[in-house]
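Only one chain is given next, in structure tokens, and it is the form predicted alone.
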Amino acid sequence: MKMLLCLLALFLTSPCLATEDNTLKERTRDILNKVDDLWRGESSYAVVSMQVKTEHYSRNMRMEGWSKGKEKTLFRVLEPLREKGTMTLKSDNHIFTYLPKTDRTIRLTSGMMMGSWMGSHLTNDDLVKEARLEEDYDAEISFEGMRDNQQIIEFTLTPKADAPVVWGKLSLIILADGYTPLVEMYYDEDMALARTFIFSGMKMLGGRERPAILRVTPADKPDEFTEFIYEKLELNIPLSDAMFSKASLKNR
């Protein structure tokens, strides 16, 4: 028995298996980076429409946004007219809102971070803690094959110990051909489904085919949703750090 255990240990730690494990990790990391980079570059500019439906109200907005890396994001409302010029600035871990009617800039406090962003089903905290899958989660391929007549890859992602995320785990389903995301599910710390992201509407954006529609549905309110529709996307454009400063909000 002792000899059998020794042989088993030797087998499990063989260089061949270690190489296969490293290859699988490299493949997983490469795929997740490609999924992340679908909407990202070193910098970006986008025009997006947003539709929000809740039990108590519906609203439609159109906005433009700029980003630089993970730390800098700026949104400006284009429509409706009564909110035109309203801006949200994310700079590192801070969020500022500029209100043109009162010419005021408000810095969001920690107590406001879990509040709704622009009346949607995303929170201000979602903007601050924008995650990059490969950096913030340990991932494994939990399924690969045919499902619903599509060749898909399903990932289960658990947060790394030091990752600044609030989720217990994520489940990501993508098409095996092209690595286009189909569904992303977020689970809370009790492993209960909290919300679902559904990607659809393939369209030429930023020089390649990408999903143009992203719908967010909260698990506890399945009849509600927030839907983002990309009208335009440009990647890797020259942007100054100065445009992502608090002082630039009024100047714009």
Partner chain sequence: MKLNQLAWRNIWRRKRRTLITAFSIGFGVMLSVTFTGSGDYTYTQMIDMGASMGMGHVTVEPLDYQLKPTLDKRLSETDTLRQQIFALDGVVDATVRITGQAMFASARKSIGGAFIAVDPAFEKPDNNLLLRSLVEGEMFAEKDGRGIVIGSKLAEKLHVKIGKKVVYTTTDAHGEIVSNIARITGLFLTGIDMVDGNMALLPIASVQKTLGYAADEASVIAVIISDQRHAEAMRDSIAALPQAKNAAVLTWKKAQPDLAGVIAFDKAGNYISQFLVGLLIAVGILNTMLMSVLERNREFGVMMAVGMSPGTLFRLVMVESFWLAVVGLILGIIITAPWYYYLYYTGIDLSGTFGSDFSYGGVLVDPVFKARLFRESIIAILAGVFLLALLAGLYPAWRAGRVPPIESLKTI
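The model shown is predicted, which means the values in this text are computed figures rather than measured ones. Numbering follows the first chain given and starts at 1.
There is another form of the same protein, the form predicted in complex with the partner chain; it is not shown, and what comes next is about it.
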Inset, instruction - Look at the candidate spot formed by 154, 175 and 181 and say whether the partner chain comes within 4.5 Å of a heavy atom in all three of them in the predicted complex. - result: no
Legend entry - Which of 69 to 77, 157 to 165, 96 to 104, 140 to 148 lines the interface with the partner chain in the predicted complex (heavy atom within 4.5 Å): 157 to 165
Legend entry - Contact of residue 190 with the partner chain in the predicted complex (heavy atom, 4.5 Å): yes
Inset, instruction - Report whether the minimum heavy atom distance between residue 122 and the partner chain in the predicted complex is within 4.5 Å. - result: no
Legend entry - Any non-hydrogen atom of residue 108 within 4.5 angstroms of the partner chain in the predicted complex: yes
Inset, instruction - Indicate whether the partner chain has at least one heavy atom within 4.5 Å of a heavy atom of residue 113 in the predicted complex. - result: yes
